[in-house]
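The chain below stands alone and is given in structure tokens; this is the form predicted on its own.
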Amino acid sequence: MVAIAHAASDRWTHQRVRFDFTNLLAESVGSAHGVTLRELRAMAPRAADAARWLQHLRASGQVEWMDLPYQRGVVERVVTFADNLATRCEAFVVLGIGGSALGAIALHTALNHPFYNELAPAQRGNRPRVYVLDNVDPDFVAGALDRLDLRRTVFNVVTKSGSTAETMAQLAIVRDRLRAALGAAAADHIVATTDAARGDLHALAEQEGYALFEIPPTVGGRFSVLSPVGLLPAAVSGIDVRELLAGAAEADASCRDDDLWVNPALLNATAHYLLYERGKHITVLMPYSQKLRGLADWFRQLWAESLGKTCQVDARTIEVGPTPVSALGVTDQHSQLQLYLDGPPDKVITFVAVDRFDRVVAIPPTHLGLGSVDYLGGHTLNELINAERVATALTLTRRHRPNCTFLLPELRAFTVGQLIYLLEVQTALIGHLLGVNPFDQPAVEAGKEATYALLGRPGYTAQAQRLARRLGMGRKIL
């Protein structure tokens, strides 16, 4: 068991996340499926090199996401803006996709009431309802707009590049409707979150007078949740973003260390790397908390887009990257667990456990004479969900399926901030061990450019003609 060390304040000592890697070890799941302490010790120098590499990038300003826990001026502006906005709007709508949306969803679902938007205003602290439109499905977008009173709605347009096709399409639709309904006041209902100096959204925000929040230059979308990308929607709903960043800073204290046995992100990255080399090519994140479902989806992008790469090794082109799967305990015990237990032994499962839930729900005693019901009386749903997690881990371990667990004392901003930062650092470190750049996404960019060409964006004529020939559609694409 590894606990995050070096607490910034004794106030948070009881809120440290713990990491249990026991069931990744060969002594738990067998030598063919687990890693040995000897293998981990042998990897320690290489792991330390990876940790130093990441800290070197940080010192040279190339990974500004690592310093987001300390952006005090930005946070104060976010909180002040969010508090003022809450007095004048009834709904806050994020327009974004990928990293521009998944982080906001993860924070909202993890730290707000599970039915936040359905609560009466007073029950949600008179804060706005929060929606994230992370798709351009026309029924989805139109359905959301059907429900909104534009006079009482603010739209947060989020795109780092300032040119993401999906987000800019949504902006064009919303801007047109706002101008028709509100005239010159439309600009007061749009907030832009984008690059600090360049891009079409930045230019439009300055031209039309939108409120503007900036994403640091080297913070990519999937690493942006602790920037205004995630902080602003969170603060609008009343989430304590200062506490969130304090949790991330707590994790950072141990993630700076290049000692495998002190740095939990480094330990987990190294173990996952060794297991990947052994054929465990699927990574499952399975929180036992309904409220962490969005965080599992956020991690899926972080892992996939950072690690799925083509690279050169010994003059050979190889394709690498563990495939992420998001699962939910206990729901997916009844949909995926059969595969994990009896299917190919190619997976590593990471559980996220919550020691203390916000609510305790008792199961009343029954005397129905039914063995399937009566034994549950006197227990709680809290006991049941944790018993199911422990039972699942034990069953997987007996079947030689490696698994590990992050244990959160409670589900609150401080612990979620720790977990987010740990997963980000872990992802960067395993990327280095795999020999890939965890901070680019060349294949995704190629797909974006093809979309631009198909829709006739200026500057992509040659590519459009090549696509037309390939598709056999003459010069007309769409």
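Since this is a predicted model, take the numbers as computed values, not measurements. The numbering used is simple: start at 1 and walk along the sequence shown.
Although it is not shown, the form predicted in complex with a small molecule is what the next lines describe.
Between the options Gly98, Gly199, Pro345, Pro322, the residue in contact with the small molecule in the predicted complex by a heavy atom within 4.5 angstroms is Gly98. With the partner omitted here, the residue from His189, Lys280, Lys160, Arg401 that has a non-hydrogen atom within 4.5 angstroms of the small molecule in the predicted complex is Lys160. Heavy atoms within 4.5 Å of the small molecule in the predicted complex are found in exactly one of 180 to 188, 245 to 253, 215 to 223, 347 to 355, that being 215 to 223. Mapping the unseen interface onto this chain, Asp297 falls outside it, with no heavy atom inside 4.5 Å of the small molecule in the predicted complex. Under a 4.5 angstroms non-hydrogen atom cutoff, the small molecule in the predicted complex lacks Thr153 among its neighbouring residues.
In the predicted complex, the small molecule sits within 4.5 Å of a heavy atom of Thr164. Although the partner is absent here, Glu305 is a contact residue: one of its heavy atoms lies within 4.5 angstroms of the small molecule in the predicted complex.
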